[in-house]
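Here you'll find one protein chain in two forms, each presented separately as structure tokens under the names structure 1 and structure 2.
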Structure 1
Amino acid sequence: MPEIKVTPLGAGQDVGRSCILVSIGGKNIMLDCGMHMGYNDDRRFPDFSYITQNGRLTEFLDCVIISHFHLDHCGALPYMSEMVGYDGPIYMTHPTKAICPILLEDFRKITVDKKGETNFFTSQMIKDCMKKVVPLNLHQTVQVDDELEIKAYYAGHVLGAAMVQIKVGSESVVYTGDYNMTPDRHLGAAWIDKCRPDVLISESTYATTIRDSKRCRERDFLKKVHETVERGGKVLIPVFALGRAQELCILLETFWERMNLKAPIYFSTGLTEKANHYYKLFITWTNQKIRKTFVQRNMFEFKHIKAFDRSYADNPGPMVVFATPGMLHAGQSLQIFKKWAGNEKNMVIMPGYCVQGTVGHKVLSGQKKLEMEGRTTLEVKLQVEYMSFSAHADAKGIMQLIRMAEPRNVLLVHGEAKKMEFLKDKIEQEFSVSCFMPANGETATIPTNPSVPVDISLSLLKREAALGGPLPDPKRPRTMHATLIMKDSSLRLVCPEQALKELGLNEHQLRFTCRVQLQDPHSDPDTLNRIYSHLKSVLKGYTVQHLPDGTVMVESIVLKVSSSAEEPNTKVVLLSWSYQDEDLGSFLSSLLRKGLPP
């Protein structure tokens, strides 16, 4: 029985460090190669020694596929390809390929330059790694080798995020990466066709959540910002540089445009500018609105959003500032926060999740006095708001995707075990497909039932089709008479004569003969006549012939009657039929065994 094996090296019942190994049809594929944000030691990267103890990975992996540019999906890539060693192809979409090295470089800088780690990958390694990348287009089928093909679908999580379908023969796996089923201001919704994969590997970050409409969230956000600005207050929005930041920028930009607002919006510079550049370029990856209007105006060419300079923080009057990093733990966002915290007119909006221990987390949990370094305390008087703008599918979204793709099995990754359990039950209950949720290092084995394609000769097909009515009924299996030739790993279905000819074999006739004893007082010819009339009456629709040489033919079955001189009343009926007429022949013999009617 063929099977597909899936082993998560990361993201198995866990969030972060996505790395999933798939063996399908003899091919080994690595899906994503991420790092874990929560660790600073070896646990940061997936455990590649699972694949091989020492030596390079090239010979064990056929390809590596990266779904999107977030570090928990691509952070370990240079480490794997350059330090562990992998020379095969790495597939990612064009935007991912463009933005991924920026983030990797930033990550490297923080780890090496700021934290002073050694034994970390270098800039050169990032470059070398990116040279191995083969870009993918949406819905483009790429042949990795003769048997393995991959195809990318839109995932909507961040710019360039993709779901990938991996196909070997008739077996296939779909890996979703992170995806979002509700469109937002700059990205569309994930979409996949009814590809009916054997396994759907889905993320399940929000397995137990059904979210409210995005419009309420947006409206709340805009209202808060608007009110504060109208009061003359300043708004600080700490963000991570890529992804949600652009979403919020678009949101504010269009709102400013619509409402004719004049207060300045600033974005603290850095890697954002470079990334924004790519956002402008990859218009085809955005949503309908941006795609349709970019001819008049590219939405990412912000009119109201300007670059931030640190001196602006002291300017009087209202303003909105996006600053990195998102958790207020260091850098520009913290500096600005310190300056503005004392005024109750100001506001800070946390658009994402904050790790425990950061200033962001403290502020969110309502602390009014913060201890800063140097034993100073900071009084927090400004308003604190939390707005969730996450771009993951919620439970309904995951179910919707499963409904769209109609997989035979589902495998959940990238989520917490407890939440997965709930979703797993739901999936099994509502779609009646089996669902797996392996932990890291644990292998899920999924048996498949691949269909084996067989070539059939056209003349045979037409002949068979003509037999059973004009049109084949797709819902009913049909039996047909033909020969299957397996030769040089190709399967062909041909008619027997042709098979014989091709193989240079002689046709052998197989005939069955059988004697049936009958008690009949008549003479032999009379008995034969009686058999003839009996068969004629029973077998309507068959040709029953009485031949002059003293035999009865039913189709190709020959019947003869003979009797020995000693027992003239015991007639022996000789039946002979060919293999093809086996059914009819055995029916006749059993019929005759019952005797003739008087």
Structure 2
Amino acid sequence: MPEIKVTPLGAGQDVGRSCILVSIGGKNIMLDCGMHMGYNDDRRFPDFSYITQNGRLTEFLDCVIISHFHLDHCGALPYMSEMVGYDGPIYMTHPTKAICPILLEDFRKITVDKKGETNFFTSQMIKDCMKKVVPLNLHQTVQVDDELEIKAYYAGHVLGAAMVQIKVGSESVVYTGDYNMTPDRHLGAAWIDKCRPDVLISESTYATTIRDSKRCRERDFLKKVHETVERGGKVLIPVFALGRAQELCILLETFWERMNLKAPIYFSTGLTEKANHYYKLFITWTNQKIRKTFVQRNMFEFKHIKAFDRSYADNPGPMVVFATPGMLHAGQSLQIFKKWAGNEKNMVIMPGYCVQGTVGHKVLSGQKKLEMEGRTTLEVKLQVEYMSFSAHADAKGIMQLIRMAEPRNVLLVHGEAKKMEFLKDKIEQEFSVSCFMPANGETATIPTNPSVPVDISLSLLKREAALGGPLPDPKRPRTMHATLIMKDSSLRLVCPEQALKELGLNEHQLRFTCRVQLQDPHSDPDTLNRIYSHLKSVLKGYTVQHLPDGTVMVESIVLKVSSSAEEPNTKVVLLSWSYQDEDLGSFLSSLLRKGLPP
């Protein structure tokens, strides 16, 4: 039985370090290659020794596909390709290819230059890794090799995010990466056609959440920011450079304009300027509204939002600051948080998901005293708000995607075990498909029933139609006698005469024989006469003949009677038929076993 194997090396019942191995039709594909925000040790990267204990990964992998540029999906890429060793193709969309190296370099700077870590990838390794990248266009089918093909679909979530369909022969897998089923202020909603894959591998970050209307959340967010600024407080919004940041900037920009507010809004520099540059460059990936208004006014050139300098953090008076990264685990957002945490007038708004182990996660779970590096304790007095502006699909969105793609099986990754369990039951109940949720290092084996396409000859179809009978019903299978020819990996159904002619073979007649014992006191010719009369009365629609050579024929079936001198009352009826009359032959043998009427 053919099967597809899926093994998460990361993101199995966990969020972070997405890395999923798929074996399909003899091909091995790595989906994403991310790092974990919650760890600073070996657990930061996926365990590639699962693939091979020693040596490079090139001969074990046919290709690597990166769904989008977030570090929990691409952060381990240079480590995997340059330090462990992989020379094969790495596929990602154009925006991901442009933005990925910038985020990787920023991540390297924070880890190596600021924290002084060794055994980490270098700037050169990032460049060498990116040389192996093959860019993908949406809806374009790419042949990786003779058998393996991939195709990207729009995923929303962040600029350039894509879902990928992987096909080998008639087997297929769709990997969603991270996706969003509701359009937002700068991106459209994820979309896929009814491709009916054998397995849909879906993220499940918000497996049990059904988010309220976006309008309410936006109103709530603006109200909280406004109130804090009015009472002279400072608002910190930790974000990742691309994605939610642009979303919330557009929201605050329009609100400041409408309310004529004067408090400054800042954005931590560097990364974001580049980010906005890429949004302008890849404007086709944004939503309809932005593309329309782009001619008159660039949505991403902000009047009220200025570049941030770290000295501004100590300025008196209210301000709003967007700072990276989004989980408060390092960088500028953490520096500002340390400065502002002691004042109850201030506020931190967490707009996205926080992985366990990060400062963001600790603050959200209500910790008032945080242990920082160097054994210092930080008292948290500022107000903490969580508002999900996350660009992940919620439970409703995940169900919607399943309805769209109509997969035969679903496999959940990138979520928490308890929440996944709940969603798994819901999916199995609603769609009657099997749902899997393997942990890291665990393999889910999914059997597939590949359909094999067969060409059918016109002469055969004409012959079947000429045989009469009811017109074929497309919903009910119909038996057809034909010969299957396999040539150059293509299959054809032809009539037996054509097959013999093509292959230069002689026809052989295959006949089945069967003996039935009867107790009958009459002579052999009389017994045969009685059989003939009995069959004539039972088989009304068939041709039954009594031939001069002492046999009875029903269609192609021949019946003969014989008895032995020792037991003249025990007759042996010999039946013989060709394979076309298999059903009728079986029927006659069981009819005669019941004996003849008196």
Partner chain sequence: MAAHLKKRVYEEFSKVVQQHPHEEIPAKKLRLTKPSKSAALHVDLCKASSPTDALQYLLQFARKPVEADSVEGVVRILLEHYYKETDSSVRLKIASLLGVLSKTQGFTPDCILDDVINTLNNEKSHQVLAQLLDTLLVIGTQLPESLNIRHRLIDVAYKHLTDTYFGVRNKCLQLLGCLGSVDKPLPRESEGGTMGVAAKDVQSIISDYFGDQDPRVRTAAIKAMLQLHERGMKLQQTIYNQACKLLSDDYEQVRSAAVQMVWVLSQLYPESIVPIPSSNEKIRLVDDSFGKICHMVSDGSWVVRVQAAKLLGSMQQVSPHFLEQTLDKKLMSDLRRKRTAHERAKELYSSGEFSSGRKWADDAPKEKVDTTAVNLIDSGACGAFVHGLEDEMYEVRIAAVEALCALAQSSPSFAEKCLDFLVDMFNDEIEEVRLQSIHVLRQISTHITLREDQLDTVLAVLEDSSRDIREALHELLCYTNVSTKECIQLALLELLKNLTKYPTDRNSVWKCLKFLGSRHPTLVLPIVPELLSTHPYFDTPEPDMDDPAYIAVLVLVFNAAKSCPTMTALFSDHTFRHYAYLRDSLSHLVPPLRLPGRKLTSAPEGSGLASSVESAQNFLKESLARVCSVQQLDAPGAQSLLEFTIRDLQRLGELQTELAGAADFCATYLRCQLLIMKALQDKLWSVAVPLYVKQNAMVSGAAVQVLDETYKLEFLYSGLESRQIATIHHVRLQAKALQLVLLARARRGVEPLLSVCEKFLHEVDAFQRLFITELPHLQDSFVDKLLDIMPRLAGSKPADLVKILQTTLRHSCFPQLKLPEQIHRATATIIEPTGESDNPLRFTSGLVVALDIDATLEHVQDPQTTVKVQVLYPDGQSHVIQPKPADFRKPGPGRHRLITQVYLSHSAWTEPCQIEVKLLLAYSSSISRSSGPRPAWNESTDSPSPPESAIEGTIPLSKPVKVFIMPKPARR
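Values in this document were obtained by computation on a predicted structure and should not be read as measured data. Reference numbering: structure 1, starting with residue 1. Throughout, rigid core stands for the largest set of C-alpha atoms superposing within 1.5 Å between the two forms.
Of the two forms shown, the form predicted in complex with the partner chain is structure 1. In a rigid-core overlay of the protein, residue 431 has its C-alpha displaced by under 2 Å between the two structures. Once both forms are overlaid on the rigid core, the distance between the two CA positions of residue 569 between the two structures is 2 angstroms or more. Once both forms are overlaid on the rigid core, the distance between the two CA positions of residue 552 between the two structures is 2 angstroms or more.
For residue 538, the displacement of the CA atom between the two structures, after superposition on the rigid core, amounts to 8.5 Å.
The shift recorded for the CA atom of residue 306 between the two structures is 3.6 Å, with superposition on the rigid core.
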